[in-house]
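The data below hold one chain only, encoded as structure tokens and taken in the form predicted on its own.
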Amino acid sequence: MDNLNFNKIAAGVLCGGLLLMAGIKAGEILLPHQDIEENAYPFEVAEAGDGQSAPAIPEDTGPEPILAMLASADIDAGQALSKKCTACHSFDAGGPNKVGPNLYNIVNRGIGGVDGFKYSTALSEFGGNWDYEQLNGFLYKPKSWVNGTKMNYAGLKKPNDRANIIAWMRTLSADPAQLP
């Protein structure tokens, strides 16, 4: 390598370094560093106790109530949400049972009440009707609402989503159930 090529490479590296330093300096001038008085997201740290007891972990208290949301629920959004349910359920009057039972006229129907569908023992023995509160709890987290159910679905965590789909399922009836 001759001296001229070495000089070109060295000049390029030096110019790049100078440009970098000038950019950093310009950035400091345009946006000077400021110490903040308090954190934007303050964290509260509990005082250390005797070290013997573990901190309490809040338990899942269950689904938020949705009864007040049902009157203003978006039925079209509920129907759109039901698309992921159609792999296992049908929603038509007289529709077939699939992996899961037909859900036509589900609101206020007996739990485990579709003739010709073999429910899990846990769901058959659960008893009661699919009222709004039962549907809300089951759609929130099926496996914890009815321990031992065969339904493999994680659940709907958003209360608006549950209200929308329950309001839509309410319309799937010749005589829809009364709103609470």
Ligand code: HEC
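Residue positions are given as counts along the sequence shown, with the first one as 1. Nothing here was measured: the structure is a model prediction, and the numbers come from that model.
Although not depicted, the form predicted together with the ligand is the subject of the following passage.
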Quiz item: Might residue 63 be said to contact the ligand in the predicted bound form, defining contact as any heavy atom within 4.5 Å?
Solution: no
Quiz item: If you check in the predicted bound form, is residue 139 within 4.5 Å of the ligand, heavy atoms only?
Solution: yes
Quiz item: Using heavy atoms and a 4.5 Å limit, would one call residue 69 a contact residue for the ligand in the predicted bound form?
Solution: no
Exercise. Spell out, yes or no, whether the shortest heavy atom distance between residue 103 and the ligand in the predicted bound form is within 4.5 Å.
Key: yes
Practice problem: Give, in sequence order, every residue of 116-131 that has a heavy atom within 4.5 Å of the ligand in the predicted bound form, or say none if there are no such residues. | Solution: 117, 119, 120, 123, 130
